[in-house]
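Just one chain is shown here, as structure tokens, and it is the form predicted alone.
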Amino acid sequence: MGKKKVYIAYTGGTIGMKPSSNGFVTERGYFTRQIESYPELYHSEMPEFELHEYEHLIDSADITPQDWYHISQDIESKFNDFDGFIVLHGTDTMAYTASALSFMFEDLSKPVIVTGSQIPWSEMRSDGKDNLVTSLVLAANYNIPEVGLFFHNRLYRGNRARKLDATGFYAYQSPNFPALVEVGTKIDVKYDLLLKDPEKMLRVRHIAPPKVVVLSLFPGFPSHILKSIFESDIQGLVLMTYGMGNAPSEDKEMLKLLEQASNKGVIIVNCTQCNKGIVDMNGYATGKALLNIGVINGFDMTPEATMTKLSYLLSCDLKIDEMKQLMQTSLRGELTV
């Protein structure tokens, strides 16, 4: 048998930036030249790989659903020619992209690993080298039929990962679900945690530009802001509440606005502001007040997963009740029920 083959989509981000008088910047062709001169990537135990550097390199702060679709179409077009796939991406919105791709790739049967770095490849202490080398090994040699996010010796389920450190190498963690793979002197794959191989062929779903708002409550939150949001054409609201899913139960105006919007077909999902834990809307009266007016449970989904999943479902031809049911159902391992 020949060597395994991995396709690398370099979309932009810190990993491929070069130093300049104005700080680190992207430059077409620069990262490709860096890769070509790194001998570890051509070690006899490494898989073959093809690096595709995107014509328009994206700062991840500028990522859009159209970019997600471009990435998904790129991978779909190469799907039968490679054993695994890597998306090199900026860290700022990596969790959004990993979450979105997890929903867009329906019946995924091969690894798609999103990774990047905190320090550019060109710098001596870059974490990008280990992240890319290990991602290549995982994508080529292990049956991981899902979208993962690899960072600093851990492969997380893509829709479970969050960026919790702006500068540290342990930038990403998965607060509510164990890592799928732990890498040390050995590679420990938690096969019992992985999604099952699909029985159908891969299908890619386009996420339309979302009409979804993510809104975080705070003490003294003015209800008129909520009113102005609902006067727009939004279709979904991710409501970031306190603790186990609590909101002010004495703010009758807020509850009235939420109920009216829910009755008009806006899907409102209750998501906790806490990094770790699960929404339980029956635990306190302040949570049950939301349940009684039609707000649905986000359980332990990350805000990134909740937002992208809701956008994904709104892009499908589904009725409101179907979408509400599916939001509370694990589709790609994104929630625990």
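One-based numbering along the sequence shown. Fair warning: this is a prediction, and the values are worked out from it, not measured in the lab.
Form predicted in complex with a small molecule: not shown, discussed below.
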{"query": "Per-stretch contact check against the small molecule in the predicted complex, the hit in 187-195, 84-92, 138-146, 257-265 (non-hydrogen atom, 4.5 angstroms)", "finding": "84-92"}
{"query": "Option touching the small molecule, based on a heavy atom within 4.5 Å in the predicted complex, out of Gln34, Thr286, Ser60, Gln273", "finding": "Ser60"}
{"query": "Single option in Ser117, Thr97, Ser174, Asn246 placed near the small molecule in the predicted complex, where near means a heavy atom within 4.5 Å", "finding": "Ser117"}
{"query": "4.5 angstroms heavy atom contact with the small molecule in the predicted complex for Leu313", "finding": "no"}
